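Below, in structure tokens: the form predicted alone, a single chain.
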Amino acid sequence: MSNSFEHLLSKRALGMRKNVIREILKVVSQPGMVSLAGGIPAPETFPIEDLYRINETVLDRYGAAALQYDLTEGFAPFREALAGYLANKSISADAESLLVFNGSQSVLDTLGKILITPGDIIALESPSYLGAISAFSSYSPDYVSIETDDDGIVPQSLERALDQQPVKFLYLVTTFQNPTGRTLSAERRKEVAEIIKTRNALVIEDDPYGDLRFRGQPAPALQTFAPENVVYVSTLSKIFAPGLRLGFCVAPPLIREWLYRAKQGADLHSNTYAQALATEYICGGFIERQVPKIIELYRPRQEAMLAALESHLPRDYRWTKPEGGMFIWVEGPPGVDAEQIYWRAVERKVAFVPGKYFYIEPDDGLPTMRLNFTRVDEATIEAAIATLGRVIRHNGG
């Protein structure tokens, strides 16, 4: 007879949510399944040939130091390299202001640990990134949703939220948002910056997709307009190799100090060797050659998906048309339940993510779905969207 230790679990553990998308991806692994579900980089984007050279350079240049315990804040050459990388985005950050984590998800969890007391109110875009909701929910906050449209969060909705209750912080994915693909416009970034500065509010700006721009001009990070009010979070997962688990942040001094303390107690420091590889990836000019290759792979896939949606979805459906990123957000008419469509599509070997999982109140997103185009070629995308269109019509959508 096995022992039951459920009574030993903490209240915090009992409040943890399963990542629903991770559960959905188990279905995606079925043979023959075409996945438009996960937000996963295409393996063709990994610079495997370059890594042979980068490995040799790391061992020659850093030797045993790349294999040793290191500073909690991060491998010093990597932080120097990141400072240069961010300067190209007009983000002013020296090596001393940067902290390196095991992926940006770890940054979000650590921010939750140091900032959230149970019952605190967190403001989120509606819809918002499920991984952030999962990270923050472990610390038992309450949530308030901020209205969004095609240009990102609506400033007037943010003002109302900040004026009506004590909001601990606002979480935003400002560029090619997950799940919608929307980008907070440059004009709104300035408006949001003024709102948060006036109210001394804190924003966590998550920017994992900003380098994946296919068209249009980039907008400066929100952090550049309000550096004392923004924690800027990013990662190399989408432009190098997600398995290396490298995330980082630039934070106001007090927040940085507490992030440092929390990380010290959690894992001492992030993978030194992975940081050394990333240092040479940036400093050796590999990143400047690789990112355009990634864009050239993804752009026609996105274009194929947009064209297929136009051809195969009913006229009462609408979808975003992002200038980059990894996702397209589809909205059906009222009365549609995208989860029902999901299960019918899976029977026909096409998977996506029902959009309701990205909302605090799932009933808000019943007719929505998130589609990913990065791991599937153009012909397969066309066939998959044609199948999805048939499923929608057959299902009464």
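All residue numbers are counted from 1 along the displayed sequence. These figures come from a predicted structure and were not determined experimentally.
What comes next is about the form predicted together with a small molecule, which is not displayed.
Novice: With the partner left out of view, is residue 105 within 4.5 angstroms of the small molecule in the model of the complex by any non-hydrogen atom?
Specialist: Residue 105: contacts the small molecule in the model of the complex.
Novice: Considering non-hydrogen atoms and a 4.5 Å limit, does the small molecule approach residue 238 in the model of the complex?
Specialist: Yes, residue 238 is a contact residue.
Novice: Does any heavy atom of residue 232 come within 4.5 Å of a heavy atom of the small molecule in the model of the complex?
Specialist: Looking in the model of the complex, residue contacts with the small molecule do not include residue 232, since no heavy atom lies within 4.5 Å.
Novice: Does the 4.5 Å heavy atom contact test between residue 269 and the small molecule in the model of the complex come out positive?
Specialist: Residue 269: no, not in contact with the small molecule in the model of the complex.
Novice: Can we say 129, 173 and 206 each have a non-hydrogen atom within 4.5 Å of the small molecule in the model of the complex?
Specialist: The answer is yes; 129, 173 and 206 each reach the small molecule.
Novice: Considering 302, 183, 178, 110, which brings a non-hydrogen atom within 4.5 Å of the small molecule in the model of the complex?
Specialist: Looking at 302, 183, 178, 110 one by one, just 178 meets the 4.5 Å heavy-atom criterion.
Novice: Pick from 213, 245, 312, 168: which residue has any heavy atom within 4.5 angstroms of the small molecule in the model of the complex?
Specialist: The residue in contact is 245.
Novice: Only one of these stretches, 149 to 157, 96 to 104, 261 to 269, 303 to 311, has heavy atoms within 4.5 Å of the small molecule in the model of the complex; which one is it?
Specialist: Selected range: 96 to 104.
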